[in-house]
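In the form predicted on its own, a lone chain appears below as structure tokens.
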Amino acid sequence: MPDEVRREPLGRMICGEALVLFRREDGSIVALQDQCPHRKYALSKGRVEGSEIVCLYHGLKFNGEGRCTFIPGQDRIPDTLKARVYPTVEKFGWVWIWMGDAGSADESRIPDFSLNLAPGWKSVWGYLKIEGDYRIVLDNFLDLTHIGYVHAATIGNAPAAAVPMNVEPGEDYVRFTRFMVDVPPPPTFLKAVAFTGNIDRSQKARFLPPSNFQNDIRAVPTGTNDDARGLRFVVNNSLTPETENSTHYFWAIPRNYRIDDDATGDVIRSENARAFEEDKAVIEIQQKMMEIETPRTPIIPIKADAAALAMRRVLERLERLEAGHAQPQSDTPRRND
């Protein structure tokens, strides 16, 4: 999150690589490999002076381009004394870091989460560390039948669980819709809007590879199609693998109703945070069970897994392309911080 990145160094593990982030004097963000190239001490344990970071093992100083600019007691600085730099940009209220070859970084391939900061919308934000493979988290996003069971106290109920999804798979995306007509509002919706009867509820969602998911949610009193008496919010999810078995989960929820009402924002934030904690508990148990299987038994899919299976096919295709050093224009291999 942008407010995490300050003048003080911030260490963060992303895709199994240790990074250090800090802001220059002009406010721009630097992301370097969190290893001094001299003796591998963590630069995140150092301090920022001006727009440079100082390693507090031997006092070497590095600029935002990763070049060493100062060695105590030594005038000549070897050209090879450099820390790796990761291209970084702030966009849509998040910090995006390119983990691949710097020459291939392309800001236009960041997924469109512009509603996070769009006029007429108001967002709440959150972060969650999940001890699980990011693909298991994606499976959860694309499986909405679980909401009647895992989320019975927040965003789900039994009638919602039974409604099928209309899945549209593509080479580089998965989209699905669900329309729930004349169903009881779940507890979270009742806290957000004082519905007095059943509702018509819709979800329009899309998976944006490799690790982003957007869910557009709308609810109105049944039979009315009256947005003024209902709610609409969009859940923007971005996953950053920390390691093979742990994930940084960043979320933002922009809404276009009652945007000047802080109490409504508080409800949206707290209720969805509760729901995400419910997911976290399930995912972390799944991860542990998968790690102790010997030998691993296959996962048996059911009809409700159609969107998740389509997502896995997209990821497998992108992995094959990456192994062959080909990269489609429509994927988005940036990681969010």
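One rule holds for the numbers: they count along the sequence shown, beginning at 1. Predicted model, so just to flag it, every value in this text is computed and none were measured.
Absent from the display: the form predicted together with a further copy of the same chain. The rest refers to it.
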Look up in the predicted complex whether residue 282 has a non-hydrogen atom within 4.5 angstroms of a further copy of the same chain, and give yes or no. yes
Is there a heavy atom of residue 305 no more than 4.5 Å from a heavy atom of a further copy of the same chain in the predicted complex? yes
Please determine whether residue 37 contacts a further copy of the same chain in the predicted complex, using a 4.5 Å cut-off between heavy atoms. yes
Heavy atoms within 4.5 Å of a further copy of the same chain in the predicted complex: does residue 133 have any? no
Would a further copy of the same chain be touched by all three of 1, 190 and 194 in the predicted complex, meaning a heavy atom each within 4.5 Å? no
To verify the annotation, which of these, 74, 224, 166, 114, has a non-hydrogen atom within 4.5 Å of a further copy of the same chain in the predicted complex? 74
Heavy atoms, 4.5 Å, a further copy of the same chain in the predicted complex: which of 104-112, 147-155, 118-126, 166-174 makes the cut? Say which one. 147-155
Residues of stretch 1-33 in contact with a further copy of the same chain in the predicted complex (4.5 Å, non-hydrogen atom): 13, 16, 17, 18, 33
